[in-house]
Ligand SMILES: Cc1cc2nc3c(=O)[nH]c(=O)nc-3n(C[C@H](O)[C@H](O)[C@H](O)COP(=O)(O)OP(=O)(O)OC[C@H]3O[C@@H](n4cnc5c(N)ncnc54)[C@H](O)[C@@H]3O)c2cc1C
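Next up: just one chain, as structure tokens, the form predicted on its own.
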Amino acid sequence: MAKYDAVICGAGPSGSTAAKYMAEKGLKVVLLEKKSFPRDKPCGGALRPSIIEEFDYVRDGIKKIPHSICLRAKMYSPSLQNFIEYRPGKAVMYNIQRVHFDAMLADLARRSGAELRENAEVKSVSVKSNGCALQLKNGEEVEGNVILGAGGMHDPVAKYLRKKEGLPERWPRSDIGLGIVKEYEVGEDFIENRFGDEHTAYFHLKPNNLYGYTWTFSQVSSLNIGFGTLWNDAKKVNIKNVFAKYLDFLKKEGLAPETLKLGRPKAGLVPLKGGIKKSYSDRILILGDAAGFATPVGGDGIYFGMCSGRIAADVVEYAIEHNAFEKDTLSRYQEEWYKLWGEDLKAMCYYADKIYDKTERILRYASKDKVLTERCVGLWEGKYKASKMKWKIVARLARDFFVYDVLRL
């Protein structure tokens, strides 16, 4: 008899969500985190409104941690001559700090009945017909009926699955995104004076003509400043210099204190070109970033990660009830997530390439066309299914080309 119904590697949003839902179903779950809480992760910390809408416990939980509600966003082209402003009259996004947010989710999983083990780094994975196990670096072995890999891009469970299923050992470099970010404490007065009650978010596209964008998000008393691009593009430049240049720009614009020092930004990697071809195997499921669940337009993956955790909990419950842990049973996991966002992630790759290829033109059109702006922002918010909007956006761009470039209205 296995010790646990499920063993989860990684206590980020996807792993903690899976643990919470499974524990609430009465399953015996252990959540393994290689570090100890509170621990940080390089991230913009922007939550889609759909997270708050779909996970009511998050809505209640963030009230107990530092956060702000962004009600307006401004997005600029590389020349700064074209920009769009989005003010929907409700939240554009919720700004949190991952050091607090992840700890909150892990604690909620623990309170729901999951066992949380910190400083439990996984060394290796083994799967047999009668169970599976994770060997920890401290010498322990943790056994279960099912293993869930939720440890990010370098997750050891995902690495094991790739080898077992004959998939490429690593994500292709062309699919990897790099983000560098730093949280700067600037004081509540500065935030109130420069960002106001709306906590306006600033996006600047294609810095140094690179695929991606820089951002500035305001918290209660701090700024989250970051830069995201593709790994292959990042190798062409000195990333730290790009970040420093952006910080200097923010100072000149009054969006960062003149006395702010660069410090040491943190870096993180994330797959950006769609979900993995196979996210399940005998007794194994992989979630979140480990499975490539991040949008290539914005790089955000928290929503998809949490949804994948919720789906995995249902699939594992069924597997436990029927004592069926083979691929045929667990394949339902991939069927469910692919139905919800598989085609959308593919479509977002198309949008991202278009946006970063024709940035000036698209921002110029959007600055005059509220319909185009609403459709583009709606994609990022998850309001629209990307796979259903492709031709509507293409048609709108064609219409704007005729109106603004041919007729020059």
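We number the residues from 1 along the sequence you see. The model shown is predicted, which means the values in this text are computed figures rather than measured ones.
One more form of this protein, predicted in complex with the named molecule, exists but is not displayed; see below.
Interface residue among 247, 316, 181, 114 relative to the named molecule in the model of the complex, by the heavy atom within 4.5 Å criterion: 181. Only one of 43, 345, 366, 58 lies close to the named molecule in the model of the complex, with a heavy atom inside 4.5 Å, and it is 43. Contact between residue 239 and the named molecule in the model of the complex is not found at the 4.5 Å heavy atom cutoff.
Within 4.5 Å of some heavy atom of the named molecule in the model of the complex lies at least one heavy atom of residue 120. Although the partner is absent from this view, residue 354 stays clear of the named molecule in the model of the complex, with no non-hydrogen atom inside 4.5 angstroms. Using a 4.5 Å cutoff between non-hydrogen atoms, residue 144 does not count as a contact of the named molecule in the model of the complex.
Only one segment in the set 299 to 307, 204 to 212, 162 to 170, 70 to 78 has residues whose heavy atoms sit within 4.5 Å of the named molecule in the model of the complex; it is 299 to 307. Along 4 to 18, residues 9, 10, 11, 12, 13, 14, 15 each place a heavy atom within 4.5 Å of the named molecule in the model of the complex.
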